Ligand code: NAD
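Before any questions on how it binds or moves, here is one chain, the form predicted alone, in structure tokens.
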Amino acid sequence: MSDKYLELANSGLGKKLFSAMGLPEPVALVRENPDAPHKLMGQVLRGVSHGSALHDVIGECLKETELQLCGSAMVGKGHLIYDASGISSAEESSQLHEFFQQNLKALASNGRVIVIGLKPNAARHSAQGTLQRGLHGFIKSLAKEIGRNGATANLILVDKGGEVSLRAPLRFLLSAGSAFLNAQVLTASRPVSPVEADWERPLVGKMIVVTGAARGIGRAIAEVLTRDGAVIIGVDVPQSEAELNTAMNKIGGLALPLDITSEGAAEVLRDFCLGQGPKLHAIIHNAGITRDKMLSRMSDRQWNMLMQVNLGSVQRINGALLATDLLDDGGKIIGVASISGIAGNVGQTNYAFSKSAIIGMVETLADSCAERGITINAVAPGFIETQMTAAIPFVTRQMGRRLSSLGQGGLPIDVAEVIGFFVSPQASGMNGNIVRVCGQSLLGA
């Protein structure tokens, strides 16, 4: 369903009317060009704190892009990047204030603010770690200031040995693919496997499983990953076989009608993947359902059915795949959580439990996966325009759209683009991350 309010706010008459009435005027977001994705455009003004150890690395990363790098000032408007890794005292924090106070006016509509710091336990001493943690609050507050212009602000924290992993998150956050990723923290760690891939089509020759691929977010994930070169194994329930076949035929993927909660389903999926070749690049655990009800009136069936789809099947599939070497040395596991699993939601105790457990899966498997050259990460979508959200009552739907810093709901492709980043070979240093794809929704912000 289209967002008529957003469309009107960006029309000639609507701009005048909304401005006169003092109504919110969300800016239409610029997303990837499907015919030429991953192209970085515009100019960048860069600032750096005294004593930074990342100055040269960041400079090399930016030189490899098509972006126009500015000197001490920007002509016109563009993106802002600030290396805050050198800040280690309250007095030195004034450098951060000075850079943005002087240059925020040069931030473009749909522009990007990226702050780069150190993971606190990677700091040289406790005082520096203390100040680096402060960047969380700074970036979340700044994102709320600039969101009305369609601009986003995100933070990259560099862990010990993570300097060599900066290119991937920096490029992604500067791209149109990160349009709905706002006020998030990405941690760059030491790569767990070799990195060799093209920036524009990073998934050429890679086989990827997407569950729940017949429609909505799952279908968008399959399409984006295909655009980037992957061959998709799309999985969905047998009742959706016709829809799944249509989706997979459109992108040249393979359809596997399968109830992932049925006995032996994980082994069926594993054997299907083994039949395609010796390696599986990624598994995207997208399939999920809701069975909303106040806890006092929720039946055992409503609880257990949801838990088997959203959580039990995920654990069994991971177990079956990790019992082989299909994913070793470069594989990716992606969980699809939800902001309900972070902030909770009325009538969704079952759903919130299952999605919070997906986050727990990432946190508990990250180290053991890394030892095998596998990364595991999760995305937590907020209000995304799908058939499901189109069925929400009008007032609730409008609140879901407007209660974010960007003033609008996201699209399925916004979730897909973040997943595309996480499964790219270049993101080998991204492990154990959980990010909300919600435009900085006030829910769980």
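Residue numbers run from 1 along the displayed sequence. Note that the coordinates shown come from a computational prediction; the quantities given were computed from them, not determined experimentally.
Keep in mind that the form predicted together with nicotinamide-adenine-dinucleotide (NAD) is not shown, yet the notes after this line are about it.
> Within 4.5 Å of nicotinamide-adenine-dinucleotide (NAD) in the predicted complex, do we find a heavy atom from each of Ile217, Thr261 and Phe383?
Contact check passed for all of Ile217, Thr261 and Phe383.
> I need to confirm a contact call. Of Pro169, Gly331, Gly117, Gly212, which residue comes within 4.5 Å of nicotinamide-adenine-dinucleotide (NAD) in the predicted complex, counting heavy atoms only?
Of Pro169, Gly331, Gly117, Gly212, the residue with a heavy atom within 4.5 Å of nicotinamide-adenine-dinucleotide (NAD) in the predicted complex is Gly212.
> Scan Ser240, Thr349, Gln276, Ser93 and let me know which has any heavy atom within 4.5 Å of nicotinamide-adenine-dinucleotide (NAD) in the predicted complex.
The residue in contact is Ser240.
> Looking at 181-189, 351-359, 144-152, 295-303, which one sits within 4.5 Å of nicotinamide-adenine-dinucleotide (NAD) in the predicted complex if you count heavy atoms only?
Going through the listed ranges, the match is 351-359.
> Can you tell me whether Ile289 touches nicotinamide-adenine-dinucleotide (NAD)? I mean in the predicted complex, with a 4.5 angstroms heavy atom cut-off.
Yes, contact at 4.5 Å.
> Indicate whether nicotinamide-adenine-dinucleotide (NAD) has at least one heavy atom within 4.5 Å of a heavy atom of Ser338 in the predicted complex.
So Ser338 counts as contacting nicotinamide-adenine-dinucleotide (NAD).
> My question is simply whether Val309 lines the interface with nicotinamide-adenine-dinucleotide (NAD) in the predicted complex - judged by any non-hydrogen atom within 4.5 Å.
Contact with nicotinamide-adenine-dinucleotide (NAD), yes.
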